[in-house]
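One chain follows as structure tokens, the form predicted on its own.
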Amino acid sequence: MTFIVKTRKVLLNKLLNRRQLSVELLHPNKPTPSQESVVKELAQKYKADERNVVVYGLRTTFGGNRTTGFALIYDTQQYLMKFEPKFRLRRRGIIPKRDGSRKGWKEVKSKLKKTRGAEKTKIYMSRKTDKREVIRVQKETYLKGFVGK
């Protein structure tokens, strides 16, 4: 796809080790570009690794031709993992998606309200898994792939 990337409000955030910028895409008579293609263009423009670029909030104006959004370019992959919200990491496939449904959790909650003692612990433990540990292990395995590079 052919489109022009203009960046505005480029801010160097030393506390979070990233560049924050507002992105404007001009794509006359073309559909809205994908996030992946925008990431590639920004990585080329700012001489950064594609894995360290995050694009979000793309909104196309009515009638097309122009899209605006935001981008973050992290210095390293470790800072990306540390400071990016979990939902964006899930979107990129870095940490696993949530399993189970909202309805299931609500059913367990209502069962717990009706029971007492040891039975309550059994119900709770049957549903609960240590998700923090799973996410931590997933992040570590993901980062091991970049250590040598």
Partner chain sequence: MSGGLTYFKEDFPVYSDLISTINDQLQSIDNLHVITCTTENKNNIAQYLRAKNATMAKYLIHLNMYLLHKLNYGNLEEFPVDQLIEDKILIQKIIQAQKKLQYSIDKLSKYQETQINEDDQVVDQVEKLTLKPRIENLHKDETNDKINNPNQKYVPPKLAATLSKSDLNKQKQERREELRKTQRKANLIKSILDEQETDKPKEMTERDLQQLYYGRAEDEKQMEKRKYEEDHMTRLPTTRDEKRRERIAERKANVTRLDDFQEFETINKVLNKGTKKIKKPQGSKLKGSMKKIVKRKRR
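Computed from a prediction, not measured in an experiment: that's the story for all the values here. Residue numbers count along the first chain shown, from 1.
What comes next is about the form predicted in complex with the partner chain, which is not displayed.
Student: Just to confirm, with a 4.5 Å cut-off on non-hydrogen atoms, which of 121, 61, 110, 44 contacts the partner chain in the predicted bound form?
Tutor: Comparing distances to the partner chain in the predicted bound form, the residue within 4.5 Å is 61.
Student: Decide yes or no: are 80, 96 and 139 jointly within 4.5 Å of the partner chain in the predicted bound form, with each residue judged by its heavy atoms?
Tutor: Result no, not one residue of the spot touches the partner chain.
Student: Using a 4.5 Å heavy atom cut-off, which stretch among 29-37, 53-61, 112-120, 99-107 contacts the partner chain in the predicted bound form?
Tutor: Selected range: 53-61.
Student: Is there a non-hydrogen atom of residue 16 within 4.5 angstroms of a non-hydrogen atom of the partner chain in the predicted bound form?
Tutor: Close contact is absent here: in the predicted bound form, residue 16 is far from the partner chain, nothing within 4.5 Å, heavy atoms only.
Student: Counting only non-hydrogen atoms and a 4.5 angstroms cut-off, does residue 135 reach the partner chain in the predicted bound form?
Tutor: Contact check for residue 135: no, nothing within 4.5 Å of the partner chain in the predicted bound form.
Student: Taking heavy atoms and a 4.5 Å cut-off, does residue 91 contact the partner chain in the predicted bound form?
Tutor: Residue 91 lies outside the contact set for the partner chain.
Student: Can any non-hydrogen atom of residue 8 be found within 4.5 angstroms of the partner chain in the predicted bound form?
Tutor: Contact with the partner chain, yes.
Student: Need the contact residues for 58-89: heavy atom within 4.5 Å of the partner chain in the predicted bound form, sequence order, or none if there are none.
Tutor: If the 4.5 Å heavy-atom criterion is applied to the partner chain in the predicted bound form, 58-89 yields 59, 61, 62, 63, 64, 66, 68, 69, 70, 71, 72.
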